[in-house]
Each structure stands twice: as C-alpha cells, then as structure tokens.
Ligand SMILES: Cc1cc2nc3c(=O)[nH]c(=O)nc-3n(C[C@H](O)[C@H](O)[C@H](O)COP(=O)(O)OP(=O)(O)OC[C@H]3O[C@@H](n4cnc5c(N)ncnc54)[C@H](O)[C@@H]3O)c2cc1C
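Only one chain is given next, in structure tokens, and it is the form predicted alone.
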C-alpha cells in the first residue's frame, strides 16, 4: 500500500523506494516498523556498528509518522505518571531525570538533521495556550519550573493581550512561548532519516509485512516471501501492528487524529494570523493544534476520535474549530485533509521493554511521538550496547492491562475522553 494522499506526501522531497524482502537474510538486529521509532532506532544502531534490517508493511513513514501535526515539543507523554512512580525509587532525582529526558529528542533531531543534511522545513518556536482562565496558575507553575532549570531565555509567559498580538484569534487567556520547541515536515524528516540509515548500510524493506516473530535462541521475523534471522528483534509498530498480543495486548489503544491544510495563504494574511510563525496547541484534554507550513498554508489538527473509528469528513469536522480560532479564515479552501492513528497508553507512559530476553519493543507515545520516538530509539540502542540505565527505568514502569481490550478497550477510552470533554464544556 502506498502512502495516503495528504500534504506531506504532496510535498515530499525524496521519493525513495525500497525493495520487498525476497529470500532469507541474517543481521544483528531486525526492526519491525518503518516509522519514526523503527527508522530512528536503525540509525542509532547502524551508527554503533550493528548490521540492521527494517521491515515496513507499507512505505517508510506510512503511518502516524507521516500524518501528524509536525510539532516537536518538550511535553513528554506521561511525565506526571512517570514522576509519581519514579519518586518511590529515585526520590528527588526523579524530577531531574524526567526534565532532562524531555529535551533529549530535540537534541537528537537537530543533530541528525545537521549531520545528514535532511531538508524538513525545520522551524523553532511554540506557544502553549491557556484555553480557560483557570489554566493560568498551572502555566505559571510550568514557567517557574522551566526557569528553575535555566530556561529563562527560552520560555516566557504571554498575557492574553500579548497572545492576541501574535495570533489573530479571540481565544485563549495567555500562553507559554517556548523558543526551544520545534516544528517541521515530519514525513521529510522520517524519509530523510531512512536515507541516512540506508547510507549506513541498513537494509530497508517496504511492502514487507511481518507475519510472525520468533524469540528464543534463534530470533527471526517471518514474512510472506522470506525470513530475517537476527540476534535481537525490535518491535516498533505502535498502533498499526498486532504482533506479540500475549505480551502487549491490552496495553495500547488506537486514537484517530484529524489533520488538514488550507490553500496557500498570501504573506500578509499568514503574518496576520500568526506573526511569529509559532506552532500552537491549547490546554484542553482533547485539543486543537496548528502551525504554518513552509509554503504558508495553515495546518490545523484536532477532532481526535478515541473510539478507534475513522473520522468521516475531516474538513467538515475541523472547519468550525479552525474558523472560531481564526475568523479571518472563514470560508478558506481546504486542500488536504486526512486522518492518522496514534497509540494511546492509559497512563500515557510510553511502553518500552523486552520479552524472551531478545525481543525489544517501543510504542505508545499518546500524541507526542516525534520527540519521544527519538528518545526511546536512543534508549533501545543504548540497551543493545549494554547501557541499561534508561532502559531499565522505562521497563520498570507499571502499566495497566485492560481485560478484553480488543473488544472493549477503545470504547472504554472513548467514554473517558467524552467525560473530560463534557466537563470542559460545562466549565465554559
């Protein structure tokens, strides 16, 4: 299956095509999944001297890696749940560990873009907006926390009027401007990293669905037309694979995200609605997120469906939110609209671990996948080279498995999210 028709595929710089696996091969590490986690892991391992093969059922970046909002933020998924669990074993060091961890993905991405000359429209600057006035005290605490870690020049508070001087919107009661956060063309990043991996000797196989995995003494991936024998296996399929149900079933649930881009805006209108060219998301449980693309379209996402069912008409679903956010764009033409599926974990902590001693897994970023996938890719690579400190922390987190998740899990998650949405509406 080829990539879906969306803005990212229409503006893809590098139309690479990798072969389908045909026959049997032997490598050090076999990776399942050609999205950010799988490709970033392959790069990390190849840079360390491993022979690596990646199997992707569709095309590199086919899933959420090529469909997301393109925002790279330090809002580490599940950070509060991590902190709660880590305090029991790491005491006061837990907060420092999590704070520094949340920015590692930014550094990895910046360095990799520079090292391999990846053209992915990299920009800096982000605004986390307060939807309700009651959100402001929490944002002030976040500001103080950032400043306590030396980010006075990176993170600043904007009043309601200051937000409105940047964004031409009637919404929001203030916001945190973060100059360290990034936004970019996510598919060009993923495909560019795949090109880097291939240059390091990684064998990438597209249109190669893994039918079965074998751990034990002789690990292997079984596909329709061949087998990859390896010393270790890494599962990096997130919401799209159904492998290892015994070990991973009931831990991750699909959420369908809607995203779209407008027609190209003239420079004056683009500057009017977002004068500092910031990526933005708001403070609600089910939020909107948006940014300007390199060619001056507004990319606008939201309408998350936690039932796991697709969104019937993305443009019609998201247009009311877009127009209430930016009245100047009322009636604007929507040129691309699409959906993607994110992997949601109940406590939002990414699922990282291993089973059968040689099958590693990393998935479940709950909407924070670009930065987090690069963080855990490094964690997995470090573990495979014998540095287990961070891996053991992630593997030690407790997760709740939902019985009957394949039948009831997504519905239960949807009910929970609808409850929070209902509370937000009641609160105004």
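Residue numbers count along the first chain shown, from 1. Since the model is a prediction, treat every value here as computed from it, not as a measurement.
Beyond the structure shown, there is the form predicted in complex with the ligand, which is absent from this document and is the topic of what follows.
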Contact residue in the model of the complex, from 129, 178, 262, 238 (heavy atom within 4.5 Å of the ligand): 238
The ligand contact at residue 85 in the model of the complex, heavy atom, 4.5 Å: no
Would residue 188 count as touching the ligand in the model of the complex under a 4.5 Å heavy atom rule? no
Using the partner position in the model of the complex, report whether residue 197 sits within 4.5 Å of the ligand, counting heavy atoms only. no
Classify residue 219 as contacting or not contacting the ligand in the model of the complex by the rule of any non-hydrogen atom within 4.5 angstroms, answering yes or no. no
Want to guess which of 393 to 401, 26 to 34, 42 to 50, 379 to 387 is within 4.5 Å of the ligand in the model of the complex, heavy atoms only? 26 to 34
Every residue in 209, 365 and 370 with a non-hydrogen atom within 4.5 Å of the ligand in the model of the complex? yes
Taking the ligand in the model of the complex and a 4.5 Å non-hydrogen atom cutoff, the residues of 318 to 349 making contact are 340, 341, 342
